[in-house]
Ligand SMILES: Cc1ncc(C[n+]2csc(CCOP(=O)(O)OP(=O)(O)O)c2C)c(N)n1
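Single chain ahead, written as structure tokens, the form predicted alone.
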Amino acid sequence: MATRHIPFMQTGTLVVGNRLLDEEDRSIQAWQDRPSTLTRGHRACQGCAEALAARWVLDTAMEATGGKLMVANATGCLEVFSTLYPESAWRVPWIHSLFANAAAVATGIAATNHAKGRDDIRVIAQGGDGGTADIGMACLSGMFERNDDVLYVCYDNQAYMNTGVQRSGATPPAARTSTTPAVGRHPGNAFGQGKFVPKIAMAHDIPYVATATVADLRDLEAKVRQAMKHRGARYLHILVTCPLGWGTKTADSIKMARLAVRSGLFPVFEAEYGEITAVTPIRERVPVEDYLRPQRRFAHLFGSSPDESALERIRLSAERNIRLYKLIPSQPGTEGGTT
């Protein structure tokens, strides 16, 4: 991914405001005439990062395609809060599929457009972690295997939030959900289960795979643009915080996504044809406790007798991510591969 050096104008800051940039370098969300694909009228919860991510992704995709975009949406929070009958908050050609088949429906749309000679119209499929990692895995893997010309976007809030915060294949270890309660000898979600879908996507050797979070708008926009430059199957996995399911303050959604990255628990990277091409390094690492403690779903780890065994296993998971994805270049064996 091509990058441009932007000087920081304020001492100690890790961000730079749009007002300090030339107009052509500003984020799409700063445009007065941005596409505004997800607009007023939706019923997302206060602090919902999924609503932010969906708007940012589709606004960028609309800009990248010159407005020639169609979207298939799996059942889930995003579909429910944006299209309560008889209203819709979408300003893009959009179709709701079942929980399991957003990838297949998007494939059909792309095939129909191709048959009509309209390869200029691009297609996005989107769903949550439940409709992606679990219920929709077969259709998604088929889309990857066939290398269908679709960008699939997973908004990962790490549980089935829409139906009562049940565990999904993306729920992290030790997290409390309605189906993994904080009771018994090993409270919360079990260790050693679940799946990290970006690695599964990479195993299919598709043209483009990337991870992102709502904490870095510029990175997210750049990855959507990069994905739209490719043809064939592409996958974008975005960590989206959920105040309701995570038990965090509604004002802390961006902060929590940033802590997930800085703790090493959520690696941010790009891959092409199964090979990692770039990673976002951790500039200021924080202990995993800084990320876990503000979330009520992990409160049982910090009681009067902290669950040090579970915390140590989570720390080891972060260390493994740092080694595997080379998130801290200065550490031994982590040279190169960063942006």
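Computed from a prediction, not measured in an experiment: that's the story for all the values here. In this text, residue numbers run from 1 along the sequence as written.
Same protein, other form: the form predicted in complex with the named molecule, not shown, and the subject of what follows.
Q: Which one, 262-270, 70-78, 175-183, 143-151, holds residues whose non-hydrogen atoms are within 4.5 Å of the named molecule in the predicted bound form?
A: So the stretch in question is 70-78.
Q: How about Tyr235: is it within 4.5 Å of the named molecule in the predicted bound form, going by heavy atoms?
A: Because no heavy atom of Tyr235 falls inside 4.5 Å of the named molecule in the predicted bound form, the answer is no.
Q: State yes or no: in the predicted bound form, is some non-hydrogen atom of Asn162 no more than 4.5 angstroms from a non-hydrogen atom of the named molecule?
A: Heavy-atom contact with the named molecule at 4.5 Å: present for Asn162.
Q: Would you please decide whether Thr211 lies within 4.5 angstroms of the named molecule in the predicted bound form, comparing each non-hydrogen atom pair?
A: No - in the predicted bound form, heavy atoms of Thr211 and the named molecule never come within 4.5 Å of each other.
Q: Mark Leu220 yes when one of its heavy atoms lies within 4.5 Å of a heavy atom of the named molecule in the predicted bound form, and no otherwise.
A: Because no heavy atom of Leu220 falls inside 4.5 Å of the named molecule in the predicted bound form, the answer is no.
Q: What residues, if any, in 46-65 have a non-hydrogen atom within 4.5 angstroms of the named molecule in the predicted bound form?
A: Only Glu50 sits within 4.5 Å of the partner.
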